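First, one chain by itself: the form predicted on its own, in structure tokens.
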């Protein structure tokens, strides 16, 4: 049995897949339905939709996202941790903003959240509406309470007017959550070279990227990174074929922490230790540093580590370069421009 098939078996043992029936969806924005005309056995991907326009709540949500009213001491906005100029992340190994030195886990991107099946590295939240509660009320993040936020928003004549335009019942906790979520769902990055390739523009990928795409499938990377978001749709263990955490500690990249237990922190099932939501690889070249622990700074390091710990294979230089080239083809556009420039891709 080849490496790729072994990986499929390993992922099957540690991954949990969920159907649409198991994933409640609130009507906060148009929900995209996968098209069977793209994904096949040989090509388990499909391009991002080129237009995912949000509803009337989207701009209201954007305003809330940019407002310090959302943090308890007025020092932070949601963009403080999700900088649009840094791929929707903070560019740090682990979250550390203002005086909140929690430093537990790497900040994920806010782009293309519409296509993830769970949220947070450990999959704590099933929907984006639920996820709003986490950073907003987390003592090491925004530190806010819903009662205080509701009071602040209601005390603003401007917000009273804006909410009345969108929601018949005006300012409520549920409407605040709805608006923030609507904005998040609008953050889709279409038109990556790989998307254009999937739509039939074969020249959108250069020769090295074509080779990387072939390797991505033949080596077994596609077992955990597939679908419209090139990941984000299952759980998997870090260290299927090697001792990732023991090696990290030996190499001086950090001791074992509570955050490393991943899905176990949610389920308390010992089988779920070191299991995480597989991240989407879309725009991965714009979101260094990498992994839940933020311990790797370049795409080259990530590819080598994935080969070693997930595939049980030491990749050669040519394979690494080809795979990195393919990963860079996943960089999409936001507001008509690439999410990051080629010079910025794959480096922290």
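Being a predicted model, the structure only gives us computed values, none of them experimental. Residue numbers count along the first chain shown, from 1.
Although it is not shown, the form predicted in complex with a small molecule is what the next lines describe.
- Checked against the small molecule in the predicted complex, the candidates 179, 224, 114, 228 yield a single residue with a heavy atom inside 4.5 Å, and that residue is 224.
- At a distance of at most 4.5 angstroms from the small molecule in the predicted complex, all three residues 120, 291 and 310 contribute at least one non-hydrogen atom.
- Remark: residue 77 counts among the residues lining the small molecule in the predicted complex, judged by a heavy atom distance of 4.5 Å or less.
- At the 4.5 Å threshold, heavy atoms of residue 82 reach the small molecule in the predicted complex.
- The small molecule in the predicted complex comes within 4.5 Å of a heavy atom belonging to residue 108.
- Proximity of residue 197 to the small molecule in the predicted complex: non-hydrogen atoms within 4.5 Å are absent; the residue sits far from the partner.
- Stretch-level contact analysis of 189-197, 270-278, 203-211, 163-171 against the small molecule in the predicted complex, using heavy atoms and a 4.5 Å limit, identifies 270-278.
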